[in-house]
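So this first bit is one chain, no partners, the form predicted on its own, shown in structure tokens.
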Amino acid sequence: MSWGFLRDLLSGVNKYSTGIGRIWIAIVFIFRLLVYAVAAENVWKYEHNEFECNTKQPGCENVCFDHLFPVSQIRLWALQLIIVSTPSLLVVFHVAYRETREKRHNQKLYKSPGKIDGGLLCTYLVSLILKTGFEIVFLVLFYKLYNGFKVPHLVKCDMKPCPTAVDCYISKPTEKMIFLYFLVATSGLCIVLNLSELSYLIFRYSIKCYLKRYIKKQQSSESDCHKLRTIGHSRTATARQVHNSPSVLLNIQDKLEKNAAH
């Protein structure tokens, strides 16, 4: 199976990711994708042919294998890698939309199309939530399908057309179990990184909003103080004019006497 498209996808997302996001991409690419392509795929390559039961009853081995492994573990792992990496396409598409919009209007609409702010921030947060959810779903699915993360050496099978309960042997169980533990550990680490990046972005956005409100509040209070000072200065100037103008005082006194006479 060619994994070139997934490698190109992760390389493209790397340009628009935070520091934590780049660590996630490195873990997915090195510790999951390469391990799968180089080593793990060969471990499960002949799992059906190497599965043996101590009976010659036609069809018994096929039925028991299908019962014990309803979905091949290695194929489920590959499906997990693809689906977990897919939400990153949302970020790539959003950046491409920004760049296309700037070309259409023939002007600079964003400081940087790849900067995580505004709508792109929401898209990035949604992709993190989806990746985390997919990781958890697949871990639960692994656990439910195979009754845990252990690969037994010997299993009992009494499915028809097996005549009685027969013993079946799984090839390379220890090696497969080591790779499964590795899968679980890397998935858990990716979940922690996704949650850390999600918390970091929300915290950074909250601090940014708080600082904007604080600055606006300070500017508003300074503006009010300036208005009060202007009004105070104008009243003081008027009082001085009245005090320094005897004719004005006499006119006011005459008006008061006329009103009293009436």
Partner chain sequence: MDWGALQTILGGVNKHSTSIGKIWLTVLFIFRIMILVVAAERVWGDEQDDFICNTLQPGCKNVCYDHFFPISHIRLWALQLIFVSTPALLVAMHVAYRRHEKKRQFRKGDQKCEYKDIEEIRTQKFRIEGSLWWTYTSSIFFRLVFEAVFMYAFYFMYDGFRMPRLMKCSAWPCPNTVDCFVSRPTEKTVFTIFMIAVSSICILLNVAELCYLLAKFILKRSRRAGNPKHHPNHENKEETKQNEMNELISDSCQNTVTGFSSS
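Small disclaimer: the values here were computed from a predicted structure and weren't measured. Positions refer to the first chain, counted from 1.
The same protein has a further form, the form predicted together with its partner chain, not shown here; the description that follows concerns it.
Checking Ile83, Leu76, Ile191, Ile170 against its partner chain in the predicted bound form, a heavy atom within 4.5 Å turns up for just one residue: Ile170. A heavy atom within 4.5 Å of its partner chain in the predicted bound form is found for one listed residue only; from Leu195, Val38, Leu211, Ile202, this is Val38. Of the candidate stretches 141-149, 177-185, 125-133, 94-102, only 177-185 has residues with heavy atoms within 4.5 Å of its partner chain in the predicted bound form. Taking the partner from the other structure, its partner chain in the predicted bound form has a heavy atom within 4.5 Å of a heavy atom of Ala26. Although the partner is absent here, Ile215 is not a contact residue: none of its heavy atoms lies within 4.5 angstroms of its partner chain in the predicted bound form.
Interface residue remark: Glu52 is counted as part of the site for its partner chain in the predicted bound form, having a heavy atom within 4.5 Å. Not displayed here, its partner chain is approached by His153 to within 4.5 Å at the level of heavy atoms in the predicted bound form. Taking its partner chain as positioned in the predicted bound form, none of the residues of 67-87 brings a heavy atom within 4.5 Å of it.
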